[in-house]
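Just one chain is shown here, as structure tokens, and it is the form predicted alone.
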Amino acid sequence: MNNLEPEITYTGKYTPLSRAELVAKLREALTTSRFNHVLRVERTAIQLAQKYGESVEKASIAGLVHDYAKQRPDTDFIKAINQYHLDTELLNYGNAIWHGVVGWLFVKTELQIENIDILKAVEYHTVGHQYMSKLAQIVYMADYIEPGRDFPGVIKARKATEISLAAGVSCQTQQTLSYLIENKLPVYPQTIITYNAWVPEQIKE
């Protein structure tokens, strides 16, 4: 994976860890395939940050840590939902939702990342949000379109993201909701809110 290693030195503004130290923690927390995915997401996030005028350092950090909690046991998430008094509706879902909506708490407490923009990007990357910063949009899309992704609609999503981040967010949200409905899977309420906030606006344009 050396060809994916970006030349970037962290300033210490967003994490006390160097990039090498952060990568080492992720390597410990994730399987090889998931670890390689976060490296690809980081690279894609950096490319989008350069294209759309966002901090490359923040994009690198957020891209790396977005799936930090992905492979934790369910008991960790249930404990956190109760400990931090999160919406009990979350208990009706699972890791696909939890690793973002709850996982940002582990990023904050265990990786000492306090920057709200990075934490919100992690929180929103699974279900989106009606108000997503540029960084949150970048991570939302980078996770979806990174080069290792291969599913119906990914080329369309990549092309939309080349037009604008908002077009990408709209495309992804529409595809995700369609997939969930077609497969009769539960839809987390925030996904509907994200759809209503982003998809009709893009249709108007």
Ligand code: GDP
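Computed from a predicted model, the values in this text were never measured in an experiment. Residues carry their position along the shown sequence, with the first being 1.
Although it is not shown, the form predicted in complex with guanosine-5'-diphosphate is what the next lines describe.
Asks: Find out whether any non-hydrogen atom of residue 14 is located within 4.5 angstroms of guanosine-5'-diphosphate in the predicted complex, and reply yes or no.
Replies: Residue 14: no contact with guanosine-5'-diphosphate in the predicted complex.
Asks: Find out whether any non-hydrogen atom of residue 174 is located within 4.5 angstroms of guanosine-5'-diphosphate in the predicted complex, and reply yes or no.
Replies: Heavy-atom contact with guanosine-5'-diphosphate at 4.5 Å: absent for residue 174.
Asks: Considering non-hydrogen atoms and a 4.5 Å limit, does guanosine-5'-diphosphate approach residue 195 in the predicted complex?
Replies: Heavy-atom contact with guanosine-5'-diphosphate at 4.5 Å: absent for residue 195.
Asks: Given that the partner is absent here, does residue 102 sit within 4.5 Å of guanosine-5'-diphosphate in the predicted complex, heavy atoms only?
Replies: Result no; residue 102 lies far from guanosine-5'-diphosphate in the predicted complex.
Asks: Heavy atoms within 4.5 Å of guanosine-5'-diphosphate in the predicted complex: which of the stretches 74 to 82, 104 to 112, 90 to 98, 129 to 137 has them?
Replies: Heavy atoms within 4.5 Å of guanosine-5'-diphosphate in the predicted complex occur in 90 to 98.
Asks: Do any residues of 21 to 52 have a non-hydrogen atom within 4.5 angstroms of guanosine-5'-diphosphate in the predicted complex? If so, which ones, in sequence order?
Replies: Stretch hits, in order: 34, 37.
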